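The chain below stands alone and is given as structure tokens, in the form predicted on its own.
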């Protein structure tokens, strides 16, 4: 018995040990180092870091106006992206789970953008907004193609929403598809026999039964949209005039371009706390809705 337990322990160490070591070195150690640097004036280059206490956090709340704008922009982006991506993802899931031709092909097409990296997507759509749309406007005289998509704060925001929603919708669609297909067909057939309309079937049967999927999709979109970096970096780089600078991009510029690594770390820690609280509140609310439904 003791020999078997020892053998199992050695197997666990052999298989899990390297992963635990690398995770500790790359993630855990970096996290605690970031907390330490948040209370220093380290510039990311020098060998010494002077302890400044809460000075970095005071600077965030009193002297750095761009932080407030970046936070508001991230909030607007998050609310819009969460609503649009989940609505479109659920709508597509409802369509492709019906008995239509080429349903599997449509699923693959809708999911494909999620496979492409955010940086690549950003550069592709940058070409579309600045090159393809102006060319199309000469053929098709629509105001949509003539808008300064990346040259204005308003259109820049919606350009990011278009790209980000296009990228994430397919992933959410797959989750909703799995949840819809798990619904017992007998429930749907019984509702149809009782004369339930499509709206009633969706609101009274489908929506309550896919509540766990809604919780997951809301959590994923809340996490992705608040931490969005790659799409904005490659698409607008925070411009024009920092009007599309999300909080994650603000942290990057502060730490790695302004060489204020201590202040950047303080922003990152504050960002981590806010996003953590927001996701916990969202999960608790949607979980309660799951039980009630």
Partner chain sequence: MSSAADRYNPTRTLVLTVVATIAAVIFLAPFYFVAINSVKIYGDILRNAAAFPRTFQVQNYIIGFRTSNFLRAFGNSLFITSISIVFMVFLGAIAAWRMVRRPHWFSKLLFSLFVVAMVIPFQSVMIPLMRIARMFDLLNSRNGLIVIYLGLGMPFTAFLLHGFARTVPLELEESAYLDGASTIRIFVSIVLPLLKSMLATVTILQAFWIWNDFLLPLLILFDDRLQTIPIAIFGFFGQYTDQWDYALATLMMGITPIVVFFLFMQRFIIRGVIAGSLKG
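Because the structure is a prediction, the values reported are computed rather than measured. Numbering follows the first chain given and starts at 1. In this text, rigid core is short for the largest set of C-alphas that superpose within 1.5 Å between two forms.
Although not depicted, the form predicted in complex with its partner chain is the subject of the following passage.
Against its partner chain in the model of the complex, the set 130, 175 and 255 is in full contact: each member has a heavy atom within 4.5 Å. Residue 30 is the only one of 50, 243, 66, 30 with a heavy atom lying within 4.5 Å of its partner chain in the model of the complex. Contact with its partner chain in the model of the complex, judged by any heavy atom within 4.5 Å, is made by just one of 142, 79, 72, 108: 108. Although the partner is absent here, residue 282 is not a contact residue: none of its heavy atoms lies within 4.5 angstroms of its partner chain in the model of the complex.
At the 4.5 Å threshold, heavy atoms of residue 154 stay clear of its partner chain in the model of the complex, well away from it. Of the heavy atoms in residue 146, none are within 4.5 Å of its partner chain in the model of the complex.
Though the partner is left out of this view, residue 26 does reach within 4.5 Å of its partner chain in the model of the complex, counting heavy atoms only.
Contacts to its partner chain in the model of the complex (heavy atom within 4.5 Å) from stretch 145-173: 166, 169, 171. Relative to the superposed core, residue 284 shifts its CA atom by less than 2 Å between the shown form and the other one. Fitting the two forms on the rigid core leaves the C-alpha of residue 13 displaced by at least 2 angstroms between the shown form and the other one.
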